[in-house]
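One chain comes next, on its own, written out as structure tokens in the form predicted alone.
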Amino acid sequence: MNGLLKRRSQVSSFIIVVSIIILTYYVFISVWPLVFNIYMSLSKTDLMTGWKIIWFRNYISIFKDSIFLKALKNNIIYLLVMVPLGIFTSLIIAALLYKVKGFTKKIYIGMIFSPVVTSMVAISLIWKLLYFPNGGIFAQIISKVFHITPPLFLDDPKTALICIIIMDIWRDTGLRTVILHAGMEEIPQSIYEASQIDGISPVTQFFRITIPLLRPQITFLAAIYSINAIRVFSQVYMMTGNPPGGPAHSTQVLVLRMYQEAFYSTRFGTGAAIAMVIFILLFGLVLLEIKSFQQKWEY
């Protein structure tokens, strides 16, 4: 009996120690950086000449900054274009893969999925070469096949952002396709067989049966990639000019603006204020994601 009580005491002590370690880790990794960033966003500092509390002046200044507003607008455009277009193209590819059988399907999935596991930096540099207005492959195809003057792609403020969005859609097509394809395989074949008896065409089946039954997967992808659209940074930084975000701030985004304010201009208070705006946007998207997954799906 004493031995059993001793073992229980040891287990309880171990649980307490592990809980304290986890709680300490959480405080120093999550809570303290957030609190410190809030304090910094209410201050004026370059981390060299001291701190001065200026309260909400940093927030007022960033919402009066035309470049910040441009970055916010670009993130919204990024979200509204990349998310629905990416999901729709992946739906089409997943539907085509669904018709393929055997080992050939595995080869296609491997080919489509390979960009997902490739470094974003490497992909961005390769696509930057493809977008070269003179010697790039896209420019040569447009000029030789369609016999028209190719656009300037990344060098044109009108097309730079959409060029990056296209690259980003291509890069993650494999992941979206695999998730949607897995959802399609879970749909009972009896539903399609019953619709065929009623004379419903394959196209109608896709829009009236497949897409509605893929609502959980589509909701998940929309939530995840909406968050990614707010956090976009690497592709813009690698594919645009020096300083990044050009030309004429046409590809400026929130994370890049925060980086430039904090580390280029050493206005860490302003950078922290932008970081808090990003945090609020992401927190709102996470709440929407949680609410969407609490919904009960009935078929």
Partner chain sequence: MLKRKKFNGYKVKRYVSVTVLHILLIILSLTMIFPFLWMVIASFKPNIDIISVDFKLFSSNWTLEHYRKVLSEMPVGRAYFNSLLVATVVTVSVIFTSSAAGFLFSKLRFRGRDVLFFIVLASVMIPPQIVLIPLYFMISKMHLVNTYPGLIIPFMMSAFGVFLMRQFTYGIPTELIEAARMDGASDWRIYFKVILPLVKSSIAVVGILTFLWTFDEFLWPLVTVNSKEMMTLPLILAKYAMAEGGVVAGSSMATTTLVVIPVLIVYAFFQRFFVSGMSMTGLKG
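We call the rigid core the largest set of C-alpha positions that still match within 1.5 Å between the two forms. Positions refer to the first chain, counted from 1. Predicted model only: the values in this text are computed from it and were never measured.
The following text describes the form predicted together with its partner chain, which does not appear among the structures shown.
- Checking Pro216, Pro157, Pro84, Gly110 for any heavy atom within 4.5 Å of its partner chain in the predicted complex turns up a single hit: Gly110.
- Contact with its partner chain in the predicted complex, defined as a heavy atom within 4.5 Å, holds for exactly one of Ser195, Ser226, Thr210, Thr173, namely Thr173.
- The putative spot formed by Tyr59, Ile67 and Ala248 is not touched by its partner chain in the predicted complex; no residue has a non-hydrogen atom within 4.5 angstroms of it.
- Taking non-hydrogen atoms only, Lys106 approaches its partner chain to within 4.5 angstroms in the predicted complex.
- Proximity of Pro150 to its partner chain in the predicted complex: non-hydrogen atoms within 4.5 Å are absent; the residue sits far from the partner.
- Val117 belongs to the set of residues with a heavy atom inside 4.5 Å of its partner chain in the predicted complex.
- Though the partner is left out of this view, Gly136 does reach within 4.5 Å of its partner chain in the predicted complex, counting heavy atoms only.
- Contact with its partner chain, judged by heavy atoms within 4.5 Å in the predicted complex, is confined among 175 to 183, 157 to 165, 197 to 205, 73 to 81 to 175 to 183.
- Taking its partner chain as it sits in the predicted complex, the stretch 235 to 259 comes within 4.5 angstroms of it through a non-hydrogen atom at Tyr237, Met238, Gly241, Asn242, Pro244, Val255, Met258, Tyr259.
- Superposition of the core reveals a Cα shift of 2 Å or more for Leu287 between the shown form and the other one.
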